[in-house]
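Okay, here we've got a single chain as structure tokens, the form predicted on its own, with questions on binding and movement later.
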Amino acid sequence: MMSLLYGLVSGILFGVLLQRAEVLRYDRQVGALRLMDMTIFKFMLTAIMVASVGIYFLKDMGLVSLSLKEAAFGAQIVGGTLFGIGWGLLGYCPGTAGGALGEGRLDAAWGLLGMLAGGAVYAAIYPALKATVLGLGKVGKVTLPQVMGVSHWVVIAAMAILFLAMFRLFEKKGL
């Protein structure tokens, strides 16, 4: 029961942060797609960094264990392409569509309905996808630090340096 409460509280907190960072705004979404407004990218990169530190700290403390899914490039390419098409057509990504609907933007409801329909279609054709595209380029249940043969903290530190350099470039360019 407590894990559900933690999930609810962290979900509400994340929603508040999405709203406060203005990443739920349609003009920010379109600006990101046109690479003219990096607000959403800065928000996402910050979330990735905070989550990386938090998850691996908890893992190192023995409080959580990672449950990795098998990586397959075919699935990533097809899924990423569909994600991008949906984002471009709707003007919201899945998370921001839910937040935008919560703010009262009814256009986001169409995207959420589309996601449900897409999920139903995916479930219906999953056996065919599993036998074909989802199996392409399987690399197993691995993480980047495992592939590189280094500590996860080395990868996290490198990511932090890269992200900070990107933030500086974005600010310098007024993005």
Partner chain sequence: MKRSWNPYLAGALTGLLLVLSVAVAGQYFGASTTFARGAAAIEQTAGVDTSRYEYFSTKGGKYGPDSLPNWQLLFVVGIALGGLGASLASGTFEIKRVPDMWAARFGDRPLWRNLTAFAGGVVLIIGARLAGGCPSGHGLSGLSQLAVSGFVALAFFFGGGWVSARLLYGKGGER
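Because the structure is predicted, anything quoted here is derived from the model rather than measured. Whichever C-alpha set is largest while still superposing within 1.5 Å between the two forms counts as the rigid core. Numbering follows the first chain given and starts at 1.
Below, we refer to the form predicted in complex with the partner chain, which is not included among the displayed structures.
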Can any non-hydrogen atom of Leu136 be found within 4.5 angstroms of the partner chain in the predicted bound form?
no
Does at least one non-hydrogen atom of Asp60 fall within 4.5 angstroms of the partner chain in the predicted bound form?
no
Under a 4.5 Å heavy atom criterion, is Gly149 part of the interface with the partner chain in the predicted bound form?
no
Would you please decide whether Ile161 lies within 4.5 angstroms of the partner chain in the predicted bound form, comparing each non-hydrogen atom pair?
no
Any residue of 44-63 that, in the predicted bound form, places a heavy atom within 4.5 Å of the partner chain:
Met44, Thr46, Ala47, Ile48, Val50, Ala51, Ser52, Gly54, Ile55, Tyr56, Leu58
2 Å or more on the CA of Ile161 between the shown form and the other one, with the rigid core superposed, yes or no?
no
Comparing between the shown form and the other one on the rigid core, is the C-alpha shift at Leu68 2 Å or larger?
yes
